[in-house]
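Have a look below at one chain only, the form predicted alone, in structure tokens format.
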Amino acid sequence: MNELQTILADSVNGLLAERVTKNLIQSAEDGVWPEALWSELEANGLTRVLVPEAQGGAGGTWADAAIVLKAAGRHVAPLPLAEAVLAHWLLAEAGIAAPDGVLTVMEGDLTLSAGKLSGTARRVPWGRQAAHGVALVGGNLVLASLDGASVAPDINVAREPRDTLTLKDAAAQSAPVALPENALRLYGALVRACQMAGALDYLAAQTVAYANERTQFGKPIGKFQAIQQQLAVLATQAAATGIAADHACASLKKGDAAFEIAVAKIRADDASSIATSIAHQVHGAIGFTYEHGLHFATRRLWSWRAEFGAGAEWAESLGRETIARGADALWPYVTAR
């Protein structure tokens, strides 16, 4: 870790470990916005980790941001921290000053005309709490005020807000930006892969701890070979996801990292299916109760794997690219990454 990464790790883990409790997550699922915690995260500059220092940010890289995003997943923070990190980065890329308040990203049938944004954005993360939304419309990055937007509330499996927003002539700023047409989905997949890597780390640690505490036939169940084998698989899945996410973030230094991001999201989605199954099998019935904390992570993993493109969608995309290049080009392309 470099100095900035050490500072970020201490800051975000300190804040979230101390303040994200089971009661806070349950309250957030009931619609209570944890405003005090959000204010602390903003005050510590964690939403601006990717913003250049000249624009008031930390001047970090995506490798630095991965630390923040993984912590958000590991502590299952009921906040749009990942979305805000992405939105601030997009605004910095476009040279648009970020406003105060909660930021989110949105996709949908949106049109920009004379500085006004209209249309419908669906499944907007934390849409009801957001003051502004960031979208890509016709090669322009758009920052739109959500004041006055019509909100149709909805949630994902983890009970996080995923709302439908209808805008009519919302005040907006825009600027052309040199990003891929699918930039929101692409970089959204990256932030989800990082969050999922963090949540899988939590799953592995929690499951190992439980296996060493729960006794059966006079000894901890973690001493049984069948359980040990499952724990090894779980740990392997968590480690592989973390490496894939880190590699995707590091690859952005070289420019195009679409291949690495797709691989990271595919790996995270596959790992989530395997790891959540093992975690709940080891925990048994207690892991399914609302009083236990395990489901806060597993439900988020189940939700996040479908967002910004499921693993199957990214796998299909890579498959089509491979066919287009031809079989002889596959191995040289993969090894050159």
Partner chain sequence: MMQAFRFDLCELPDETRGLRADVRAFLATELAKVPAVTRAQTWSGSDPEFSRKMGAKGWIAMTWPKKYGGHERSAFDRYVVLEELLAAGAPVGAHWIGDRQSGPLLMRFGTEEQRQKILPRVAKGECYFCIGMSEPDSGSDLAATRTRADKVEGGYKVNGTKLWTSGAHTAHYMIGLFRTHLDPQNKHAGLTQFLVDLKTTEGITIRPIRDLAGKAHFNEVVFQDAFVPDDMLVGTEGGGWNQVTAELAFERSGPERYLSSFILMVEMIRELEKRGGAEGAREIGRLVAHLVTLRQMSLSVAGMLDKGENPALEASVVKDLGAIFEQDMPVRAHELLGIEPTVGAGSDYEQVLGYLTQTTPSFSLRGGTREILRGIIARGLGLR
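Model, not experiment: these values are computed from the prediction. Numbering follows the first chain given and starts at 1.
The protein also exists as the form predicted in complex with the partner chain; that form is not presented, and the subsequent description refers to it.
Within 4.5 Å of the partner chain in the model of the complex, a heavy atom is found for all three of G222, A235 and D270. With a 4.5 Å cutoff on heavy atoms, E160 does not count as touching the partner chain in the model of the complex; it lies far away. When the partner chain is considered in the model of the complex, Q229 lines it closely, a heavy atom lying within 4.5 Å. Taking the partner from the other structure, the partner chain in the model of the complex has a heavy atom within 4.5 Å of a heavy atom of I243. At the 4.5 Å threshold, heavy atoms of S150 stay clear of the partner chain in the model of the complex, well away from it. Scanning A131, A239, I155, A175 against the partner chain in the model of the complex with a 4.5 Å heavy atom cut-off leaves one residue, A239. Remark: of stretches 114-122, 211-219, 187-195, 101-109, the one touching the partner chain in the model of the complex is 211-219 (heavy atom within 4.5 Å). Contacts of stretch 251-265 with the partner chain in the model of the complex, defined by any heavy atom lying within 4.5 Å, are made by K253, K254, F259, V263, listed in sequence order.
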